[in-house]
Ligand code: 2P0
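Below, in structure tokens: the form predicted on its own, a single chain.
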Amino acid sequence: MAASPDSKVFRATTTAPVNIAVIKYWGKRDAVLNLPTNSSLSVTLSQRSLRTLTTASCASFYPAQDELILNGKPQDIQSSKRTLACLASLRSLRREIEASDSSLPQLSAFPLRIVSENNFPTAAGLASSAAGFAALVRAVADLYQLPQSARDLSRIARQGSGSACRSLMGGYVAWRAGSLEDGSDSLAEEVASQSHWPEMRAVVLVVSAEKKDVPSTEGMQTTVATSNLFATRATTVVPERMDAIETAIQNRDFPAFAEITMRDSNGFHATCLDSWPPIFYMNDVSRAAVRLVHDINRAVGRTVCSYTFDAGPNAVIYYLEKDTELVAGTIKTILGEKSEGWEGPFYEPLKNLTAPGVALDQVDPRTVELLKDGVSRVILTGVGEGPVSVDDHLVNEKGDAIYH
């Protein structure tokens, strides 16, 4: 016998990817709507290595207030204006559908129970909030059976976490800053699909899984208010770089992509250093990763890898699949096979590698020592797809949370 609407638990589950920006978002022109001072562009990373899994559920018998459980711990939704803003926007869209068809269950009136799990450290510079809010918005949109496109939903996800709007799509994604006061033109667009340039790979060097000293939001406010370099970056440098990197992606031109990526990472961290008081997201191990990339490129005689750093010390090193041995092979030799992360689908080309891609006498010995001692694990990944609906629910048919 079918459950009555009064006892039924409605569920939808999605996975969402991490994205790593190659043109950085930093600074807001409107803090409430999360509107950026400049456009940005990211690579969506494969969910085979990094992903958030989120189940959105609702039922008439749930406790009156919405609930969010992240990695097994209840979160205080009511104190999170960003989460409340996302849920309010999604509910409003569901109400419009219900108003036009009275036969539909009134899901917008039911309390929500949202359960989410990351397979990577939260708040460690791995864009956990981007994947988290993208998964939340996509899962609730699926629960409510909303017709809006990923582009439309990106406006909502942006209110939760700016970079979350980019995690609603796969491949290479631009977040257009927009100029309208209401933020309606500040949204994500897919510049190129995963299939356009599927050879892109990345190795993340996890330098520290601890929470960062200065949270991103606080860091942005400090930089916007105090850095003399910031305005030039936002108004002149980034628009030119956005055009150039989109052209590089369309042409699958890795050397151009790599140089723009490295220069933008350096420029972003320069504005942090130019803030008052200065903000340091990179550390000695981060800088060793920078030297390693330049040493590899110099030894090979062409640009085979590039680095980028978000607001944290972890290095993301991009390279093409054909250069896996040169880049990831050299890193594997430096760190040793015993360090965590040398496994999974992206490890196959490295499994039987015995010699470094680049001889270690071509690498600064201080760099080798710093990386060997300072990298806690690696994550091997590549360009990937956007959110995926799955049946692996984190809420059972009775409405109870399930923990993996």
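So that there is no doubt, residue numbering starts at 1 and follows the sequence shown. All values reported here derive from a predicted model rather than from experimental measurement.
One more form of this protein exists, namely the form predicted in complex with this ligand; it is left out here, but the text below deals with it.
- Using a 4.5 Å cutoff between non-hydrogen atoms, Thr37 does not count as a contact of this ligand in the predicted complex.
- By the criterion of a heavy atom within 4.5 Å, Ala21 is counted among the residues contacting this ligand in the predicted complex.
- At the 4.5 Å threshold, heavy atoms of Arg377 stay clear of this ligand in the predicted complex, well away from it.
- Taking non-hydrogen atoms only, Thr217 approaches this ligand to within 4.5 angstroms in the predicted complex.
- Exactly one listed residue, out of Ser154, Thr83, Thr223, Ser129, brings a non-hydrogen atom to within 4.5 Å of this ligand in the predicted complex: Ser129.
- Heavy atoms within 4.5 Å of this ligand in the predicted complex are found in one stretch of 318-326, 158-166, 106-114, 84-92, which is 158-166.
- Taking this ligand as it sits in the predicted complex, the stretch 293-330 comes within 4.5 angstroms of it through a non-hydrogen atom at Asp310, Ala311.
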